[in-house]
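Given as structure tokens, the chain that follows is alone and in the form predicted alone.
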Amino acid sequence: MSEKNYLKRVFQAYYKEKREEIPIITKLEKREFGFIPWDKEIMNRHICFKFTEDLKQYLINESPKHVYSSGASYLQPDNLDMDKKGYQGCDLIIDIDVDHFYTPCKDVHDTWYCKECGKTGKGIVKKCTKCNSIKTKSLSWICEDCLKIAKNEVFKLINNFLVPDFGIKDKEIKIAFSGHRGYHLKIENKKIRTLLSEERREIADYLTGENISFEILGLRQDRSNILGLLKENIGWSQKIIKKIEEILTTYTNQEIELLLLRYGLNRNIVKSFINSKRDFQQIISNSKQNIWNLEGFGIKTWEKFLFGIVDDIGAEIDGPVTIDIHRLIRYPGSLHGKTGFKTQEINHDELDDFNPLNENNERLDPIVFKSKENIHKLQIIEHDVPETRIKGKKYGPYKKGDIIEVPHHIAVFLLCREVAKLS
């Protein structure tokens, strides 16, 4: 039996067993569905289901590799012509995935292989470090560290932006672990549903700090003085001031130095900032004082500093997903074909304790093929497979050609990752 046929049967068994537990999204009959089968990486979309039982039966019969549904609702969701679907509005979709931003753990568990010279390495590279060939194959992995970073981005997004700045209510926010390397949020708000792509682009820019204007926020030069931002101004101005206060009051001089060097400031400027940090703290704590005169800091230096601050406090979202009103996202309760993990919905108050790779709450656990004993024999087919920690146990690292025996959930994971084959 081929690995894909095996996985399809495993997924089918899950959908049969969990038939009554598959969540039903709002406006299901008005959503467009899309599916990627096991035999080809092409999405079958423009599908709709009038009744929930029809969807569940489709999942059992077809047992697809990936399952998606639209954020938008339509009068005719199965119409092949997008302009004739009868668009009625779209929930705001926000995707947070560590594939799209750097995390330190990638330097440990992500690997690459050069197809030209055979060189291997860790981390992310654009070309081979030995022969400079661009013909490299990369392997991204997951760990508790990068998933925790992604989760923290969800908290940042909700607590620092969606609730205080947009007035989104907690009950309007649907959070889901994607089943792989991140989370997605669906905002079900009547006013936001009416927004078109350009308006959603403005929201995405606001959440990330993209195209921010410090001049509009108050930064300008007045003769020999630099006028900065005021804490009393809500929105980005207030966020920036709070971050600067955090740096001034909680960071050591060494931490400040490393931070400002990362922002691109030279060592003399960094030294000036550190020497003036007590005076600067008094300035920004005064709601009526905004003269930011520090030695060596001209308007361009302040802009470079503030861009660094914005980059740190902006939300790490996939902008194109938020902008696209016809985007499909993973259906809750469905299985992710790259891991075998479940796309798991989580309430906001459950998120803090949620640990996808070692979740204790059975209701929230995305790892659905658990077994305690080694029951599968596999052969590793990837050059280097990183160490994996799932359910508190370590598996690997492995090398190409290794014959291993692992529990069912690990076998499904490695087969889905296409780094092993049945032995």
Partner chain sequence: MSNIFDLVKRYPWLPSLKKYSYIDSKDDPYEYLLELFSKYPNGEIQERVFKFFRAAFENIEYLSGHKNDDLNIYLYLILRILLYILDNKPISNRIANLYSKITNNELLKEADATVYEICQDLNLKIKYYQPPINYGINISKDQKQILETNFRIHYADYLKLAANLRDEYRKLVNNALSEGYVFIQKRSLIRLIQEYVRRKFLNNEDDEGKSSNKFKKNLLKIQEFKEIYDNILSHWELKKEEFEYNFEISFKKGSNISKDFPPCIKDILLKAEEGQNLTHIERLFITFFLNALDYPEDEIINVFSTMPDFDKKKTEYQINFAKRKGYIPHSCATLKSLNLCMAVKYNDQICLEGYFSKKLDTKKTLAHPLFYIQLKQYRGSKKIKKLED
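Residue numbers count along the first chain shown, from 1. Because the structure is a prediction, the values reported are computed rather than measured.
Note that the form predicted in complex with the partner chain isn't included here; everything after this is about it.
In short, of 252-260, 81-89, 334-342, 192-200 it is 192-200 that has heavy atoms within 4.5 Å of the partner chain in the predicted complex. Taking non-hydrogen atoms only, residue 216 approaches the partner chain to within 4.5 angstroms in the predicted complex. For residue 232, a non-hydrogen atom is located within 4.5 Å of the partner chain in the predicted complex, even though that partner is not displayed. For the chain shown alone, residue 206 is a contact residue for the partner chain in the predicted complex, at least one non-hydrogen atom being within 4.5 angstroms. The shortest heavy atom separation between residue 166 and the partner chain in the predicted complex is within 4.5 Å.
Interface residue among 236, 305, 273, 183, judged by heavy atoms within 4.5 Å of the partner chain in the predicted complex: 236. Interface residue among 105, 325, 227, 248 relative to the partner chain in the predicted complex, by the heavy atom within 4.5 Å criterion: 227.
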